[in-house]
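Next up: a single chain in structure tokens, the form predicted alone.
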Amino acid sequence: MNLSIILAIAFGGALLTYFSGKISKKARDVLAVLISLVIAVILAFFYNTSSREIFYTGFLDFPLILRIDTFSWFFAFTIAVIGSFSIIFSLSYIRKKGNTDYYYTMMLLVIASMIGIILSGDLVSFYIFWEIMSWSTFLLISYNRGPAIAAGIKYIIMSVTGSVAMLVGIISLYSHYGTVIYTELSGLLYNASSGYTIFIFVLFFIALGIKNAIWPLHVWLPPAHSEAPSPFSAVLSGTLIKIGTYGIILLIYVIVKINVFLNLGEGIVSARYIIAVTGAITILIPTFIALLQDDAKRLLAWSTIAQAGYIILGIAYGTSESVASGMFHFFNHAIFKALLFMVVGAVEYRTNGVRDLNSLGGLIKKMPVTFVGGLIGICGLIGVPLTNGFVSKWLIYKTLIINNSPFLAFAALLGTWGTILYSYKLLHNMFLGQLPEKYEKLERAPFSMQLPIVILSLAIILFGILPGLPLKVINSIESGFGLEPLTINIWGITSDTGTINMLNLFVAVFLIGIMIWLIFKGSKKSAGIGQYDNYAAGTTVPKNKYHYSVDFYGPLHRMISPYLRDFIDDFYMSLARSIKNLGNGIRRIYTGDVGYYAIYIMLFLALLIFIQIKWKLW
């Protein structure tokens, strides 16, 4: 099967979905789900295959190339699967909202353009699909109108800035080498000067870093997540920002090549060290800003930025284990962050849009499946043993420790401590404590929401116990990059510097779990009490305060909030105001009044005459 057929189905399906909605809403919903699933199934059949084709030759005499290998398949398949689950989740979530035809079309268009980026074999194709993705993302972020439009504009301004930088890099490469095909550029850049390579690297890293929301290019992501529909937030956080991750890996390991990258600069001014430190900063600052958030989606948005730091930290280090950790964490993050946004979306759906963590609580009694999904997602995010996040974070810590980077390792570990704090806040304030009386009749999430939550929860456990399944694919990718392959088995990794075997850990946890169960089984039964028969520090909890954890991090908030202000966002906003003021000043000069322009001309001529007279006198 040709790769162009996948794109034809993806883009054609997006258009067909829009027109089918004009005939039947039910047919549109079925078609949207069917197209997303068909794309995932077709991509599944491309596993462990390599293919390359020219799918168009009439674009400014550039051959537009599609190609697939294990590297591109891994990213494309992940995108297709998460996209399918998000479409299924949308069936109930988006039903109450307007412009549903538009919504499904844009969702499918975003998925199609992301897959187009991954399958591109040249920079022109990459850029075309990149722009389609950027503008369709802008339209989805702005879907809810009102404040969402401001969030969308913030995103598209930064995205266009990155696109311009990328375009300059593409033009420079073509003017130097006469080609923009990946396989041809890799050999040519190998002999380029370090100065030129750094120039190209910086241009592309600006574009890719903005999309990946790396600090200090992250400021568009929190408002985008806050305003976008929750099913799209699952795509945005789970896969779309990882297009930047894909681009960075492509740049370092395919186009520039790892040997060239590792030799760019020396010591603390080397490209590897600078990017690794950027990754560490991206972990720390957003992690503790997340603690200050009371909006559930905004908290998860800052968490996404922090987790991107772990991925970049792994990718930048350039060893077999570090690259494996970065790519595995991309895969894991796509699963558990998509799950968590769906959990928040389900709560938001049933509570008519409530995301304030201080206004929820006790929902475990009404939404048990959603709670279990949230619990498993949080465990994966933290890196609790027997979840997928544990293995990828273990690899990151191990890489940093054995390569004598204690400060980077401490930053990564500190980020995990912060993750525990904000994760507890998210889960506890939504599901535990007292149930507000207004939610006494709350219903469970619809089946179309629970299904993706259950499947993604099982995937977190599956790839936590059997990490060798995705790691074998990643190992094959690394061999293609020229890195030394790891010793992988279905239970984990074996090496001279440390072995991880999830079978042993699973057995240990299972036995401990049985012991705890037996202890509780043999203990005295607990007696149930009324919801309001509880006390905090000897004082009864008032009925209008659902549980005592409201403002739980208040003292910490007061201590660290002055230092965790997003000063990067303040800088960008200050820059925007300066540009606006400059524009207003220019507007006062160029008023559109011909009389003013005549005066300007006369003053200019007078100045020239004055200069000429002075010149002659001199």
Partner chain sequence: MVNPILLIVIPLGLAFVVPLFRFISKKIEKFIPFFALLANLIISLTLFPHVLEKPIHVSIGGFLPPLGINLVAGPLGILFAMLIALVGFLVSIYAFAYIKEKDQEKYHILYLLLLTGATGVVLTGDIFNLFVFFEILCISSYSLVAYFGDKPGIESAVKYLIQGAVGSSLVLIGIGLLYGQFGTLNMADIASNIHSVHSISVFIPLVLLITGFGVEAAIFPLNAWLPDAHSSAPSSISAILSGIAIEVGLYAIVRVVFTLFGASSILTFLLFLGVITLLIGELCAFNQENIKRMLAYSSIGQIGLIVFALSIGSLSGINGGLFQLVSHTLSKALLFLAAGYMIFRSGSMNISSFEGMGKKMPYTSFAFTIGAFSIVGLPPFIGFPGKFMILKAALFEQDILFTILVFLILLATIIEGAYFFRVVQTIYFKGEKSTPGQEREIAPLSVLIPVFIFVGLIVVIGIYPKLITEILESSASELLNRADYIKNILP
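Take the two forms, superpose them, and find the largest set of C-alpha atoms that agree within 1.5 Å; that set is the rigid core. Residue numbers count along the first chain shown, from 1. Quick caveat, the model's predicted, so the values are computed rather than measured.
Form predicted together with its partner chain: not shown, discussed below.
Mapping the unseen interface onto this chain, S142 counts among the residues with a heavy atom inside 4.5 Å of its partner chain in the predicted bound form. Taking the partner from elsewhere, Y182 is found to have every heavy atom lying beyond 4.5 Å of its partner chain in the predicted bound form. Although the partner is absent here, F138 sits close enough that one of its heavy atoms falls within 4.5 Å of its partner chain in the predicted bound form.
Contact check for I274: every heavy atom lies farther than 4.5 Å from its partner chain in the predicted bound form.
Contact annotation: of the candidates V372, I128, L486, L262, the single residue with a non-hydrogen atom within 4.5 angstroms of its partner chain in the predicted bound form is I128. Between the options I153, L466, L442, A192, the residue in contact with its partner chain in the predicted bound form by a heavy atom within 4.5 angstroms is I153. Only one listed stretch (245-253, 472-480, 286-294, 197-205) carries heavy atoms within 4.5 Å of its partner chain in the predicted bound form, and that stretch is 197-205. Contact residues in stretch 169-203 (any heavy atom within 4.5 Å of its partner chain, taken in the predicted bound form) are I171, S172, Y174, S175, H176, F199, L203.
After superposition on the rigid core, displacement of the C-alpha of F604 between the shown form and the other one amounts to 2 Å or more.
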